[in-house]
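Next up is one chain by itself, shown in structure tokens, the form predicted alone.
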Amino acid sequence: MLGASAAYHLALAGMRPLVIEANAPAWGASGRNAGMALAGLGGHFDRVTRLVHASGTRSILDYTTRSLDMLEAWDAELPGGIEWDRFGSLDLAVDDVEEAHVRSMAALQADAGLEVRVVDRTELAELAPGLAIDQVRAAKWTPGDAKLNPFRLCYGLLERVRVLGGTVVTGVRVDRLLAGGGRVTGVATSHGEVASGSVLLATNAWTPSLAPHLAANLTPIRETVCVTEMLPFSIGAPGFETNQCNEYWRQMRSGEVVIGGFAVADEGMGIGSYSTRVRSSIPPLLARLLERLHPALSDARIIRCWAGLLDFASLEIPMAGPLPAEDGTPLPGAYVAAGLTGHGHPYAPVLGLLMAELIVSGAPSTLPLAPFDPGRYIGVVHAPTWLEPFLGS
């Protein structure tokens, strides 16, 4: 979705982007998610906001809320829409530790300008009929959050790229960057070499294969997602999260419930793995969570499970901008946008726009890219700040 957003905005600017995809659009993390767009970035919000403040920008909300507005506009623009439903999100606390986290995060996000509050049981029951209220200690309500169909998003944007004169090729693997005359000049692929004035790596967890000097600060993490059969009843319109947003679920328009998480139960918590095989220990945990919080789902069948790779940046903030060389010097013609750290929907639209503006004009005009400077990840290994909250409670 990040590459699709960048290509779409490049095409709008009159350029002729070539999108090279090794598999199929949305094959990776862009399609292997629960389709939730959360402006507050879950447990990452506080640490990311501090880094954005340090760069001179007011808040990460300047970026994430812009992305959600862009998604809403695309729902109206793209043929068939993206199944966009801005029905809000509920972060549910089921024990003392999570309640403290939910209340603290609500206060931090509200202070930063996000519309968010902790709701009482009466309002919670109205927002989520059928929720086991007795299992919930507290709930954070963010009314501006949304749900969407990530496949419709990616395919819709790429179809617009084609209509605007760009090209999308699939089943072609990029093997390495080509350089000459002190700059990147294109890419070598499984189908031959391609010359280009600019190359943008929007390659998620596979970015280190093309830029190995980023590997120490960009970690793949396997996440498992399951989907139930179509249900004839509603569990509530919002999206749901719990356990510091490590588990998350929502009901699709067609009735299925999509749920993901419990990476903590994966082998090595799924950290560092490039395998997308589902581990059998995880689906039962996801099923039990649904049954605990939505008793009406106790007999619902899970019909499919899949796994995808998230690209976690060590400092939890994405890297987006010119790609530096290994020694930190500029590498003209090369750009990178990766490390979305589990929050593709609130990052990908706006970062794609800003990267397109950077490539076309030499600098972004909508918002500054300074908070996402890839240089902070060059020549130093940061201990991952995401590890402790990743464990949840």
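Since the structure is predicted, the reported quantities are computational estimates derived from the model, not experimental observations. Each residue number is its position in the shown sequence, starting from 1.
One more form of this protein exists, namely the form predicted together with a small molecule; it is left out here, but the text below deals with it.
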{"query": "91, 243 and 263 all contacting the small molecule in the predicted bound form, non-hydrogen atom within 4.5 Å", "finding": "no"}
{"query": "Region of this chain that lies against the small molecule in the predicted bound form, out of 328-336, 53-61, 345-353, 358-366 [heavy atom, 4.5 Å]", "finding": "345-353"}
{"query": "Single option in 203, 142, 217, 149 placed near the small molecule in the predicted bound form, where near means a heavy atom within 4.5 Å", "finding": "203"}
{"query": "Residue (of 210, 78, 100, 132) lying close to the small molecule in the predicted bound form, criterion heavy atoms within 4.5 Å", "finding": "210"}
{"query": "Distance check, residue 30 to the small molecule in the predicted bound form, heavy atom within 4.5 Å", "finding": "yes"}
{"query": "The small molecule contact at residue 324 in the predicted bound form, heavy atom, 4.5 Å", "finding": "no"}
{"query": "Residue 173: touches the small molecule in the predicted bound form, heavy atom cutoff 4.5 angstroms", "finding": "yes"}
{"query": "is_contact(residue 20, the small molecule) in the predicted bound form, heavy atom dist at most 4.5 Å", "finding": "yes"}
